[in-house]
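So this first bit is one chain, no partners, the form predicted on its own, shown in structure tokens.
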Amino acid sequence: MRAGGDSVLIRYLARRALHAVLLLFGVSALSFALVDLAPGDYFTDARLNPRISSETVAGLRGEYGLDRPLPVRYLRWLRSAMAGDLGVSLAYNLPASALLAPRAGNTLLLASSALALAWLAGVPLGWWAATRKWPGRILSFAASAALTIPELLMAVMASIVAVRTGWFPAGGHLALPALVLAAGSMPVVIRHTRAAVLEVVDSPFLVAARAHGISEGRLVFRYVLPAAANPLISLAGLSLGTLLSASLLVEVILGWPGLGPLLLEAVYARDVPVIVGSIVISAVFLMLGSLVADVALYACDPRIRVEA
């Protein structure tokens, strides 16, 4: 029976991995096409420099393959990317993977820290809001109001507070951007936790458990939270993608050395390998978060195993 369950899990993961690979192909192709639609390329400004001849510019474009058609350039990049080579940065003349790897690690560290802060605080607050009538409604309303504040505005306000008060380092430190991202994600966690707990808190099996004298703390951790886990697990996978997308702007404003500042510089310079590499890495992070959530749901929910 266990071997059969393992084979089902392997097939389930293989199907998810195939979907992820196809999605990566689509993301990379679309990124190449959108970048190509922008007028000019990295050497466009060099043409306006009277000290650089047109022959030199043409030679440089040919050296980096920018004179070739878009499908040829994409297939050449795809062949290299499958071997782990994301191309050479036009602005830095370095392998794009060498530039992106430490920045991607910093972005993942920031998003993971913010995710942990948001959930460590949001789940208890959401449970408390579900078990307290009027205080819970007030907290739910405050969380809904907080959802209207964009992370961009939060980052600007946090930067001003950090500079004027000196409570946090103004730039290059993990604490402030992690708090900003956690504050933007926590209201969603509170609202979903409250809704999930409210769906099960008055269920007949909980009434029976209370009648048997089970303590409230054991009731919450043994029965309520596991019963409400499915939507929260799905939300956790989506939250990582949301935090990754929001972190790009927060990194730029608060000076965190992640993918955001590097991507912004690459867009200004029309550095195609760095732009496409940043987008693909962000998509990989998003799919990994979704895959982890799917595996957790598979382990927790027998209905998914039956469907698989």
Partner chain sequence: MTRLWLVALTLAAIHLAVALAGFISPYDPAEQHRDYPFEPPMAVHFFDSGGNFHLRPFVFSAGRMYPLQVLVNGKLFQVEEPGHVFLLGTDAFGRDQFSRILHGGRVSLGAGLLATLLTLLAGLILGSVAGFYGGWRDTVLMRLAEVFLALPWLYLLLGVRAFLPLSLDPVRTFLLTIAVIGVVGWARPARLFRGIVLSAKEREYVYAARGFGASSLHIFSWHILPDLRSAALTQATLLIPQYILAEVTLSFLGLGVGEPAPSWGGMLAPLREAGMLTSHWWLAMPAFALLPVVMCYYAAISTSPSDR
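Numbering follows the first chain given and starts at 1. The structure displayed is predicted, hence computed values, not measured ones.
Beyond the structure shown, there is the form predicted together with the partner chain, which is absent from this document and is the topic of what follows.
Annotated contact segment (heavy atom within 4.5 Å of the partner chain in the model of the complex): 159 to 167, selected among 159 to 167, 205 to 213, 127 to 135, 74 to 82. Only one of L147, L120, L109, L198 comes within 4.5 Å of the partner chain in the model of the complex through a heavy atom, and that residue is L147. This chain appears without its partner; in the model of the complex, the one residue of A299, L23, A17, V292 with a heavy atom within 4.5 Å of the partner chain is L23. For V252, a non-hydrogen atom is located within 4.5 Å of the partner chain in the model of the complex, even though that partner is not displayed. Though the partner is left out of this view, V267 does reach within 4.5 Å of the partner chain in the model of the complex, counting heavy atoms only. In the model of the complex, no heavy atom of L240 sits within 4.5 Å of the partner chain.
None of the heavy atoms of V274 is located within 4.5 Å of the partner chain in the model of the complex. The candidate spot formed by L30, L153 and H192 lies fully in contact with the partner chain in the model of the complex, as each residue has a heavy atom within 4.5 Å of it. Contacts of stretch 72 to 99 with the partner chain in the model of the complex, defined by any heavy atom lying within 4.5 Å, are made by none of its residues.
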